[in-house]
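Encoded as structure tokens, the following chain is the form predicted on its own, with no partner shown.
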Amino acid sequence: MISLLSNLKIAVPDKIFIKDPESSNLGKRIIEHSILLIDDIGFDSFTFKKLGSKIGSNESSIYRYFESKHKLLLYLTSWYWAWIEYQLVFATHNVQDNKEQLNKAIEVVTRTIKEDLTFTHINEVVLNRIIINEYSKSFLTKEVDSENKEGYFVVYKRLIRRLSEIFTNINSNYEFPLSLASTIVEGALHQHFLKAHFSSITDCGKDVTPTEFFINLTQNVLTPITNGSK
């Protein structure tokens, strides 16, 4: 299994980049240090000039990979969701019990992230902080509809559909599996943000994790309907 994962390549829609950053050492350094720099100064203050200074390369060399910092953010967010998706698939593969599969799936999309040594040039813990703090900036733009048509968000939408299918396996009569799936994925980011910055308005903290909250929420939403106990 370890040797299989070491050969795994996370697929990002190729329209997002000009040159695949995974294809060269410079490209991997661009990804590695952009994550660290965005985490340090925030996406709004991040520029290719600052990144170039960090990696000892000309600003123009970064533009050979990405036409803008917005496209770079789209790459990072797509990579993150594809990484989450592959974890979800491996965690639920061959799990026969629907309830156990549900719990494992929710855990994957809501848990506190640990670094994955399979991808040495990407610190997933730091990238997760960027997703929590900056992800909405990748789609809250005037270009979101055209970018959606171009397939920039295909990985994220595929993850939502996978999760919704697991809900349907639990209760095929539930009418809103996609809405529930997207609420959990987005809500997990929000709860982690609240836990870190506005702890007085969330029950998640030292004693309650976002995973526990969303497992409880999902089971309460799906199970009563199945049992006819409403």
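Computed from a predicted structure; not experimentally measured. Residue indices: 1-based, along the sequence shown.
What comes next is about the form predicted together with a further copy of the same chain, which does not appear here.
- Contact with a further copy of the same chain in the predicted bound form, defined as any heavy atom within 4.5 Å, is confined among 142-150, 90-98, 77-85, 105-113 to 142-150.
- In summary, among the residues R64, R161, K28, K54, the only one with a non-hydrogen atom within 4.5 Å of a further copy of the same chain in the predicted bound form is R161.
- In the predicted bound form, Y156 approaches a further copy of the same chain with a heavy atom inside 4.5 Å.
- Remark: S24 does not count among the residues lining a further copy of the same chain in the predicted bound form, judged by a heavy atom distance of 4.5 Å or less.
- Mapping the unseen interface onto this chain, I122 falls outside it, with no heavy atom inside 4.5 Å of a further copy of the same chain in the predicted bound form.
- The shortest heavy atom separation between N133 and a further copy of the same chain in the predicted bound form is within 4.5 Å.
- Residues N148, F153, Y156, K157, I160, R161, Y174, E175, F176, P177, L178, S179, L180 are the ones in 146-180 with at least one heavy atom within 4.5 Å of a further copy of the same chain in the predicted bound form, listed in sequence order.
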